[in-house]
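First, one chain by itself in C-alpha cells, the form predicted alone.
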Amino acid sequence: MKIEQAKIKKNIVILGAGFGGIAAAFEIAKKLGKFNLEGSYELILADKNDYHTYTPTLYEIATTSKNLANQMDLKSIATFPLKTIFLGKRITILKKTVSELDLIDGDIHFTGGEKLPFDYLVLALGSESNYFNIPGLKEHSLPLKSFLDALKIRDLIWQKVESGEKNIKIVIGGGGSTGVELAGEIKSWLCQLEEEFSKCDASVQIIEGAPSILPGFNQKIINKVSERLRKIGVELLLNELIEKVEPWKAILKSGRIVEFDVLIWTGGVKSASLMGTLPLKKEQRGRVEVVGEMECFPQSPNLNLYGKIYGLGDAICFYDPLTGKPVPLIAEAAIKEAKVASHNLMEEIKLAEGLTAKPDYQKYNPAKEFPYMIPVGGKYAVAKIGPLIISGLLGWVVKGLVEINYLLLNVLPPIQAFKVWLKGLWIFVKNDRLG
C-alpha cells in the first residue's frame, strides 16, 4: 500500500541519515521555508534507524570498559535521535528499510509492502563492508560500521579477558584510518584491563596489503602513526593479503597463517548493495557516478528516469576533475556534496514554481586536501590541517574540538551538543591512559 499524505504535495525524499543525508535535509528544509514552499512540498527523510550515528566515535565505543559506561550511556553519545536533530523543522521522518527503488515510475518500496512516490530524490544510502569475496571472511570476522557493531566488538573482547583466556590474539584486517584507530585504542584499552584482570595477556596485529599503513596518506603522517603503533605494541603485517579465513585462523597469500581469537574487518567498503541494482550511470568499478551538479543520470540515453535524482556521500563515486581520482569517502566531502545537491534541487523547484527563469546551478569542487585527525591510542592523535601537522596530546585536543564543531554546526542545538560532548569526553578520558 502507499503511504498516505493529508494533502497532495510533491515529495522530496532523502534516503539515508548519515552525514550527507542530515546536511541535505537541513539545507532543503531551510530553503523551502525561505521561498514559502512548505505547503506545496513534503520533505521526507527515510532511514532504517530513527537516529544518526556519529561514526568517528565507534572505535571508542568498541573499547570502553563496561565498568565505566553501560550500553545506554554509550548510545547517548554516539547516536542522536532524528526527532531531536530536526526538532522544529518541517521534516517527515520515516524509520523504514528500502527494499526496492523504481526510478522509472517514481516509487520507493519499503520492506513490509509500503510504497512512497517521489518527485525529487536524494540518494544518501551510505556504504557497507566490502569483503572482496574472500572465502570465510564475512562469516568469521566482525565489521565496524554501526553502533551495534562496536558493542559486539567490545563485548567479545571483554568476555575473553574476563574469562581468563591467555594469549588473546586480536587481528584487524585493513590498515586504513579505521583499522589504525581501532588497533591503537584496543591496545591502550588492554593495558588498562591488565590492571583490572591480572591474567589479561593479549596481542594486537594489523594486516595490510600495501607496503605501509594508511595508503594514500601523507608520508609524514604514515611515519608518525607507524612509530606510535609500534611504540604501544601493535604489530604491523605489511604487504600481506588475506586469501581465506577459517575458524580462528587467517590464511595469507604469502602462505603465512595468522591465528586469532577476534578478527575485525576494516579493509574496505562499497556503496550500499541497493545502489548496484539501479539503472543509473556507473563508473568502471560498478559504482553510481555523478558529476559536478551531483545529479544521477540513466545508464542509457533512451531510458527516462522519473523526476530529479541526486546522489552523494559513500553511496556514489565522484571523480575529481583535476586529479582524476575518486573523492575520499569522508564526512567533510559528503557534507559539501549535500550542500551542492540541495542547492541544485531547489533551483529545479524554483524553476518549476516560476520563481526563477534562469537557475543558478552550482558544481561541486573537491578540496585540494581535506583536513583529518587520526587518534592512535589513549590521548594521542595525529592531525593534518593544511601544511600543519600536529601530534600527541595537542593532536588529541584538536580532534575533540573538531567533534564539538561538527555537533554544533551540523546536528544538535548548542546546549544539547555541549552536554553530549562533555559526557562523551568524561567517559573517554576516564577510559584512556595518557599516551
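Computed from a predicted structure; not experimentally measured. Start at 1 with the first residue shown and count on from there.
One more form of this protein should be noted, the form predicted in complex with a small molecule, which is absent from this view; the next part is about it.
**Q** Of the options E347, E293, E332, E165, which one has a non-hydrogen atom that comes within 4.5 Å of the small molecule in the predicted complex?
**A** Exactly one listed residue reaches within 4.5 Å, namely E332.
**Q** To verify the annotation, which of these, L144, L190, V204, I157, has a non-hydrogen atom within 4.5 Å of the small molecule in the predicted complex?
**A** The option sitting close enough to the partner is L144.
**Q** When the contact criterion is heavy atoms within 4.5 Å, does D47 count as touching the small molecule in the predicted complex?
**A** Taking the distances in the predicted complex, the answer for D47 is yes, it comes within 4.5 Å of the small molecule.
**Q** Taking any heavy atom pair closer than or equal to 4.5 Å as contact, tell me whether G313 reaches the small molecule in the predicted complex.
**A** Output for G313 is yes: heavy atoms within 4.5 Å of the small molecule.
**Q** Given that the small molecule is not shown alongside this chain, does T178 nevertheless sit within 4.5 Å of it in the predicted complex, heavy atom to heavy atom?
**A** So T178 counts as contacting the small molecule.
**Q** Looking at the partner-bound form in the predicted complex, is G18 within 4.5 Å of the small molecule by any heavy atom?
**A** Yes.
**Q** Want to guess which of 125 to 133, 224 to 232, 317 to 325, 211 to 219 is within 4.5 Å of the small molecule in the predicted complex, heavy atoms only?
**A** Selected stretch: 125 to 133.
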